[in-house]
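For reference, the chain that follows is the form predicted on its own, supplied as structure tokens.
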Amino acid sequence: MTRKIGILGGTGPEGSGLAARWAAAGEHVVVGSRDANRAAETAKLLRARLGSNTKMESADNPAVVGQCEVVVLTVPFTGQAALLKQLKPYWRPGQILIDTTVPLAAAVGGAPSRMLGVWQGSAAQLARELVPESVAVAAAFHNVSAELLAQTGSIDCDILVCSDDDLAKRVATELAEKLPGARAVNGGKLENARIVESITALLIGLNIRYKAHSVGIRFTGLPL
């Protein structure tokens, strides 16, 4: 199946890292940004790195939502709600939103290893409120280091996927397993995203304490 994967916030470290990994795996990627010129520059740099045959385009955020079957949200928590409210008219029934947002206190000048409280329970559940009901929402990719994504080697990390929608969960799982070395793990319903998001804060704290840069998670005892 031919599909376009749009990345909102695709010029940032997480978004551009996922764009590069998925494009290298043969996916058709559209890099999105508030600034179409900035998105075009990022896409140009990634194509130069990956090769001219790479299926990668660019657009501003509304155009990304307007043309992509799967949309991945990689903006900071401070911009999540405003962007989703702005984009509400552009969604179409049957689209999938994969939310990677983590509500870290660093967004408001606090410690990067502390979580902000979200009234809905998690950033993913907030996203669920802000997009039309006809759009399926999954939460994933919170615990993958942007530094690892920017490299070309294997990613030693399990990726928890949470959703109330079977198709959204399956698509997010497929995309997780496009990352070499990564393994998708079924994290259950979308409400569990609050747990998954908080793991990111824990990992940041471990990076700080151990002077590391890409601490990840692995679950033992699961069937392969």
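What you see is a predicted model; the values in this text were computed from it and never measured. Heads up: residue numbers just count along the shown sequence, starting at 1.
Below, we turn to the form predicted together with a small molecule, even though it does not appear here.
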If we take heavy atoms and a 4.5 Å cut-off, which stretch out of 141 to 149, 114 to 122, 128 to 136, 88 to 96 is in contact with the small molecule in the model of the complex? 141 to 149
Does the small molecule come within 4.5 Å of any heavy atom of residue 194 in the model of the complex? no
Taking any heavy atom pair closer than or equal to 4.5 Å as contact, tell me whether residue 12 reaches the small molecule in the model of the complex. yes
Flag residue 58 as yes or no: does it have a non-hydrogen atom within 4.5 angstroms of any non-hydrogen atom of the small molecule in the model of the complex? no
According to a 4.5 angstroms non-hydrogen atom cut-off, is residue 47 in contact with the small molecule in the model of the complex? no
Quick one: in the model of the complex, does every one of 76, 79 and 101 get a heavy atom within 4.5 Å of the small molecule? yes
Checked 170, 178, 38, 28 for heavy atoms within 4.5 Å of the small molecule in the model of the complex; positive is 38
